[in-house]
Ligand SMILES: Nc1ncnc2c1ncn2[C@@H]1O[C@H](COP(=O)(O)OP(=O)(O)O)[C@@H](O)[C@H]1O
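Okay, so here's just one chain, in structure tokens, the form predicted alone.
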Amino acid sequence: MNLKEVQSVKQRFGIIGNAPGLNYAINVAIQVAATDLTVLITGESGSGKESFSKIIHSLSSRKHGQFIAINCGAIPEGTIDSELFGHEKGSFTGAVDQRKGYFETTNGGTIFLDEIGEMPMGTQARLLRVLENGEFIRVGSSKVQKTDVRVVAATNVNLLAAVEQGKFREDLYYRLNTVPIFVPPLRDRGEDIELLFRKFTTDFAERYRINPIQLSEAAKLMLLRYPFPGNIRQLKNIAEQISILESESNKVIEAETLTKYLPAVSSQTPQAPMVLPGAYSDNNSFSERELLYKVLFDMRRDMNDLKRLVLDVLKNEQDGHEILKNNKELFETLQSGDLIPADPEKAVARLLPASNLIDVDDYDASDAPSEVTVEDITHETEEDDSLSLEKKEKEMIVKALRRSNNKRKYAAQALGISERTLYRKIKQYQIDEED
């Protein structure tokens, strides 16, 4: 990840924050901008998904073309086809003139389809044809029109669940989800909450020429642990409320005052863990990439523990068999068929070939070499550390597919990821499943 480029983009588009999930999402947007691939942005309402569509358009070769944002949920079902694809005169009641749709007027540019999950099924079929062939037909016409438009879609609903319920086309889902970008919710961004609050209150004070407010340490901690179901939009509203109502009487807002402006949280609202300054919030909302980082670091730690154990065995030959007996569970775990368990907390190094693993019951300490050097044992690990995370990720996927006889379902379970994510990774790394 090029952090310098990420910081430059954040300054250009006014994005505040340094959370790992946010930086990763921006980095993906930067990389995909140079292509014409379709992008699906997912995240909760108010998390800032539209900003990523603007980043993609502004950094692409289409930046001089038109950019238009359309809220699919705000257009009535009876008129959305006309809005997107246009209509002919007299095609329906009220169609007194011919009209060009957005896909025609935005030719050469980018269309951002927000709330794509709200699009009617009939319109989804029309959109699929545009994405696959660049073709569309106006309402009331039989003439095929051509267009060259890049589509960036966004949603705050689970499209896979909508597919299972028959509310969203499965073929359209996979066509849209060529490159996914997940925008983390505000509650997962740690200290970004305080930075955004300070930005909103400062801007509000400058605009209306009032005294800027500050938060006490106790109020900061309360703000950081609040789940913000409305995300950035809710935080901005709270910041402006406090700025206008408390600026004259309180320059420093205490926790008791802040409580009045934080709505009660329902039992269904996800609770954020206590986030202290400098702490990293670990929760289930992070993307698969963050989970992979955690697993890889756990694997390295466990490999180091295993090497130390083997060294002890080789240096103390007469006690070697007893040491292995006492740590039999560790070696049995290494022989497990799973590549990586679903629970990352129990992840261990399971990528060693079965032929290289030690059978505890058959181990004979007298067969061990009389001399061993630390340099020889650690050399291979140093080379492995130089490999990129992408290469390691690809290797793990290939190994999982081979061990499961190319059954994606079982390979995904072994990797601890969803079958959808595995399908995307196979396409990303161009893995041939028949090898």
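Model, not experiment: these values are computed from the prediction. For every residue, the number given is its place in the sequence shown, counted from 1.
Same protein, other form: the form predicted in complex with the ligand, not shown, and the subject of what follows.
Visitor: May I ask whether I16, S45 and K49 each come within 4.5 Å of the ligand in the predicted complex, counting any non-hydrogen atom?
Guide: Heavy-atom distance to the ligand in the predicted complex: all three under 4.5 Å.
Visitor: Could you check which residue among R225, R233, K167, R129 gets a heavy atom within 4.5 Å of the ligand in the predicted complex?
Guide: Of R225, R233, K167, R129, the residue with a heavy atom within 4.5 Å of the ligand in the predicted complex is R233.
Visitor: Using heavy atoms only and a 4.5 Å cut-off, determine which of I80, A239, L172, L196 is in contact with the ligand in the predicted complex.
Guide: The residue from I80, A239, L172, L196 that makes the contact is L196.
Visitor: Among 92-100, 251-259, 196-204, 139-147, which stretch sits within 4.5 Å of the ligand in the predicted complex, heavy atoms only?
Guide: Selected stretch: 196-204.
Visitor: Quick one: does R189 come within 4.5 Å of the ligand in the predicted complex, counting heavy atoms only?
Guide: R189: yes, in contact with the ligand in the predicted complex.
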